[in-house]
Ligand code: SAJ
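The data below hold one chain only, encoded as structure tokens and taken in the form predicted on its own.
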């Protein structure tokens, strides 16, 4: 009781010292909001380069400007470090470490496990611990609560444990950590009360749920919903291509219905940390209950095969110009997984780059945000310069990321064949522009009819 009341008072008075473990695209914005709310924040990350960058006031996260970071440092309430022993000084910890998939497509919870081992070394009684990393239902209790209970700590009495899934959308100018509703579930009633109290002082809206499992499942449901619907639209795109129908026009027409329809859009594949991974976490956990989710696995297969569809579409287009992918010079426009960000995680453009290269093409890319990446050979590939005269020398261009800064009309006017995977050239009439989800053959027939007319 005394530990609960003591931490409650510290949170209310903003004297609680809060730790954020993992200072990436989730952890750093959370740390910033916590500092803005008046708390002292200890940021822990094992990447020494990131810590030194933060100490200099130089942000590596696109959503946090250098100015904002420098303002946080000026409060003298932000202390970035690589030293886990500072946990001894903390009253609350938020865990924001990666949760990738293993090569076998199973959950890799090693980052969480490693953090838990460090907390076990340095934790003190009365601490609030909140896991934010996306993971399967049951992780909070299985990997954290059980480990602390083995040491004799009791949840809700000696320590307080919650799960609150991150909902960060990199590059979103409307929704930030502060104004995105925060779901949270505690392992006990007192855990929930303290977690809600802390996060309620950091963000605009907190959504309490009955347990960590519900909170964990809610995050997987959000992104699996998107994955399944995107896969359906990708399949519709391939179907419309075969049937000679423009899928983009079909979606636009269906979207006029004011009820019962929510538009999703096809593309070259899915990217980012969440949508490609979260459904597989859920599918993996479900198998432990002898439940096989066909929707999830079919959706994953369709989305995973979209880069191959783009390669085949490119081959069809090049064939019109009496060329093959082999020995062609191909320029990829945009490599980030979504517009206006530098994030390359799971970007379908990376796979498409490899497919073109393996097919014998010479491949370059231009992305004003994502300046370089490491290919499968371990080589650093750099974005070329924005030079439209140089763009004219390529056999074709493949639009992967629909950045707003691209001058689409100018690109279309270069006279180079363009394969548009995002409908970014909508409204631009040009015989050199070919879209996924439409038939190359039908497009040619229409152009011939137009010329004869």
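Keep in mind that this is a model prediction, so the values were computed, not measured. Residue numbers count along the first chain shown, from 1.
Although not depicted, the form predicted in complex with this ligand is the subject of the following passage.
Residues with any non-hydrogen atom within 4.5 angstroms of this ligand in the predicted complex fall in just one of 260-268, 85-93, 315-323, 193-201: 260-268.
In the predicted complex, this ligand lies farther than 4.5 Å from every heavy atom of residue 351. Though the partner is left out of this view, residue 223 does reach within 4.5 Å of this ligand in the predicted complex, counting heavy atoms only. Interface membership of residue 337, defined by any non-hydrogen atom within 4.5 Å of this ligand in the predicted complex, is confirmed. This ligand in the predicted complex comes within 4.5 Å of no heavy atom belonging to residue 241. Only one of the listed residues (155, 230, 112, 127) places a non-hydrogen atom within 4.5 angstroms of this ligand in the predicted complex, and that residue is 230. For the candidate set 219, 285, 311, 182, a heavy atom within 4.5 Å of this ligand in the predicted complex is found for exactly one residue, namely 219. Annotation for 404-427: the only interface residue with this ligand in the predicted complex is 422 [heavy atom within 4.5 Å].
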